[in-house]
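This document starts with one chain, in the form predicted alone, laid out as structure tokens.
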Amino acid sequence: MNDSSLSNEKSFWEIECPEIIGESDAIKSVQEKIKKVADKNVTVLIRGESGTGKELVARNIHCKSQRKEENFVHVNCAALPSELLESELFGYRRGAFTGATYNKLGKFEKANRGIFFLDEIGALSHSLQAKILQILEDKKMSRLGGINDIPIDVRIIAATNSNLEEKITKGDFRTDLYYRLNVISIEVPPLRDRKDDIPVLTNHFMGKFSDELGKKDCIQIDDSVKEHFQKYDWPGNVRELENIMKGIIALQKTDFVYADLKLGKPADKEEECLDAKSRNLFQIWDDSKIKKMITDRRDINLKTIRGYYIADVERQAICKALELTQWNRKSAAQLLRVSYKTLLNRIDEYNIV
């Protein structure tokens, strides 16, 4: 796996300061907080669901900070197993382990004097949490296999879509690290709580992708689509809207918005989890209808009935796990104590969307 899939380090001069789009009170509150903390050399914890724009907030802080001319290094802590992530973060000395045939610079060293954005901080193992804490406290680190400590000057910005307080209660996250990271907290609101911003976001993405995809004639979004946008719950948040707009511009039509993306489905969370086909499949297996089947002496095969009951319960459990983890399927698999592959197979089998 190459570095581009793990991090993104660019100097201030290589990127434009990202704009946070929106006019709602919720997003204005985020913008105001960024202004207040950007030039303060303190750690920031950005919280919010997947797709809300936590990285955008981090980059905004960077380009408004005193470290804007230095590197912005981004690492997703959930992207790699703990052992590989450790070598990516801290680097290693030649001979530190089998296959270490050269000295490797870690991401922390690359971020020296700049800003290090640790995304999905809740996915860190206990051993890596301890090492991050040491950097925050001592301003020093060491490479794997290294003898000497290396002075390090980084401003850490962390982000999470998980409940760190709950992780602390379960013993999965260190209390001392939490307080070190949570000096300033910025909550990025989900799109369903800032629907006033949907029209301006829609126009922004329309212009962006028209330029990127070379579409000179910009498609018109009809009122029915706009109405669906306002009614939809946006579980994927701004990222989902961005991808929808990219598809609309690329195809130059809005037909797929209804068919493929099911924007017209009910707002009820349980119903959202099923498409029309799967709802029809499972709704016949409620108690009253099964009792009627037995009374009418139709198919009363216990194995058949048990199978449909188990499938229905499994589906409901999967939907609940996905809801609790904001549709993070890896986290949902861990919550359900099944393999990631098994969960994907069940999602496909039960037509969960």
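Here the structure is a predicted model, which is why all the values come from computation and not from measurement. Sequential numbering from 1, following the sequence displayed.
Here the subject shifts to the form predicted in complex with a small molecule, a form of this protein not shown in this document.
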Which listed residue (K195, R239, R93, K139) meets the criterion of a heavy atom within 4.5 Å of the small molecule in the model of the complex? R239
Look at the stretches 51 to 59, 35 to 43, 64 to 72, 314 to 322 and give the one with heavy atoms within 4.5 Å of the small molecule in the model of the complex. 51 to 59
Tell me, yes or no, whether D25 is in contact with the small molecule in the model of the complex, where a contact means a heavy atom of each within 4.5 Å. no
Check F229 for me: does it contact the small molecule in the model of the complex (non-hydrogen atoms, 4.5 angstroms)? no
Can any non-hydrogen atom of H204 be found within 4.5 angstroms of the small molecule in the model of the complex? yes
Does L344 make contact with the small molecule in the model of the complex, using a 4.5 Å heavy atom cut-off? no
Which way does the C-alpha gap of G171 and K330 go in the model of the complex, closer or farther, given it changes by 3 angstroms or more? farther
In the model of the complex the CA atoms of K330 and L241, compared with here and shifted by at least 3 Å, lie closer
